[in-house]
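Consider the single chain below, provided in structure tokens and representing the form predicted on its own.
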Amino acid sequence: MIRQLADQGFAVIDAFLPATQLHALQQSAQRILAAQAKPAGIGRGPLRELDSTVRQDHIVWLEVEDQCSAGFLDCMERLRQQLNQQLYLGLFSYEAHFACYQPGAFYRKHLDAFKGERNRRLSTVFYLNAEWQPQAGGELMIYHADGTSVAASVTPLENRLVLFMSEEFPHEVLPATRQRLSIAGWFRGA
């Protein structure tokens, strides 16, 4: 993972969590999303808006009060420390939300860094999709900085973690034929 990030600016890691932690997180995500999910917006603060022509997922921010979410956040904290130690990225914190894409839902090409802000440094996507078949679609398309040539097409397989530099890689979520669950997150700088 460290070598992939250093060499190409993104990494794909399979079998990221132990099976018991993964299954507990999947159940927690289903329960929390069913009870609390709201349409995701674009932008932040007073610039935040809902635009279903750009983004169609529903989200719930992870909270440490949920034991499964806290376990995932602890894992990401250990990863933050390792990334800082080996790549000197200056990552200070992590934020994440559960994301649910219903069949046909998408998120058009975008960057994760907000305009005028350089605090989101490294984006993460962790997939919770049991028994995902590639023909279901739902790929994460990661583009080179030019925004036109594809750097990677990532199938949303269960227990797969994707990391990429937030300010460098435009990306999009393609529609799928079934519900697609993930945890989207960002390591932040100062």
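In case it trips you up, residue 1 is the first one in the sequence shown, and so on. Predicted, not measured: the structure shown is a model, and the values here were computed from it.
The protein also exists as the form predicted in complex with a small molecule; that form is not presented, and the subsequent description refers to it.
- The small molecule is not drawn, but in the model of the complex it has no heavy atom within 4.5 Å of L163.
- The small molecule in the model of the complex comes within 4.5 Å of a heavy atom belonging to H97.
- None of the heavy atoms of L5 is located within 4.5 Å of the small molecule in the model of the complex.
- Taking the partner from the other structure, the small molecule in the model of the complex has a heavy atom within 4.5 Å of a heavy atom of Y107.
- With the small molecule left out of view, the stretch that reaches within 4.5 Å of it through heavy atoms in the model of the complex is, among 121-129, 64-72, 144-152, 26-34, 121-129.
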